[in-house]
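The chain below stands alone, shown as structure tokens; this is the form predicted alone.
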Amino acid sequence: MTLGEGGTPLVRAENLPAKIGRPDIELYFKLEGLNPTGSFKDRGMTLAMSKAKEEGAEAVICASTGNTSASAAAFATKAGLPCYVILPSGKVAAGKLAQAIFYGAKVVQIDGNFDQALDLVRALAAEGNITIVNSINPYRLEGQKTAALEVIEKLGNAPDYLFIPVGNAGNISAYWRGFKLGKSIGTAKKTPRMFGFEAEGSAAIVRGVVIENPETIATAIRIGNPASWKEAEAARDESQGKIGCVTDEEILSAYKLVARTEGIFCEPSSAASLAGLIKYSREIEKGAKVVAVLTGNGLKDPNTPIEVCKDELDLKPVEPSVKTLKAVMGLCK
């Protein structure tokens, strides 16, 4: 069950390293927002949905903060399977909710958070022939690890550092699987140090406790009890990396910065990787090759950029004349 996922660009940052005071590093962005439904979730979903179809599933189900719902709904349609989506009410970006609905999923919002939604999904799947396609599905991370293999292919080796957002912690786990595989089969001579970043308001791994009511503007990583917690910690420890947290203010600053310096529009949660890179930039060795993963497309969340830039906006209509336009645009001498 494929929609042409994978093969996303690895784009070198031309302006940003100097902007953050590290012109001595090579920085690349992995643009996972260019997958078919606009996020990295498609890599794992193609495999999870193919196996669900192969194994005779009657339907699929997921809990989601948004991107999983969009991906699951699209691939379920491709597979000809009913798709049920359980969402935390009011905590999913408009673009993602629109996708799930438009692909034809049965969407139910609960008065609760993602972790409660996932508990309900587990219970529902246990009662019938319904396959869970969240990252607890064993095929999801196997599909997602292909992104690490693509990074190796483009660079000719693994990078020295990989920076990545952490929500349910499946993606950092999957990338580490991919980098270890690359080294074991000889396509890479090394593995990178893995630096993952939670949002401060949902930093369960950093704090070492489940967060009952996680809060962050980065809705895609608003998760208080990550399903891949232990594997993410293993990735951190085995790679001599770090799992840290960044504030909403740091996320939004990075979100705007990557757009204004590199022309890349990602969703806010994606910018946690860059926010973390900026926060820990002094730990990066001179001359290092660094990859920051941008997990989702900016069009997933159409409201946040307007809010972030509201003080700059002046969209009042003006007289349709060259003279007026020159005045408004600051072109008059």
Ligand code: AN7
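Quick note: we count residues from 1 along the sequence shown, nothing fancier. Note that this is a predicted model, so its numbers are computed, not measured.
The following text describes the form predicted in complex with this ligand, which does not appear among the structures shown.
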| said: Is it true that P159, T191 and V290, all three, sit within 4.5 Å of this ligand in the predicted bound form, judged by heavy atoms? | reply: no
| Looking in the predicted bound form, any heavy atom of G296 within 4.5 Å of this ligand? | yes
| query | Taking heavy atoms and a 4.5 Å cut-off, does A254 contact this ligand in the predicted bound form? | reply | no
| message | Considering non-hydrogen atoms and a 4.5 Å limit, does this ligand approach A76 in the predicted bound form? | response | no
| field | Touches this ligand in the predicted bound form: P165 (any heavy atom, 4.5 Å) | value | yes
| query | Among 166-174, 101-109, 241-249, 182-190, which stretch has residues with heavy atoms no more than 4.5 Å from this ligand in the predicted bound form? | reply | 166-174
| query | From first to last in sequence, which residues of 52-81 have any non-hydrogen atom within 4.5 angstroms of this ligand in the predicted bound form? | reply | A63, S64, T65, G66, N67, T68
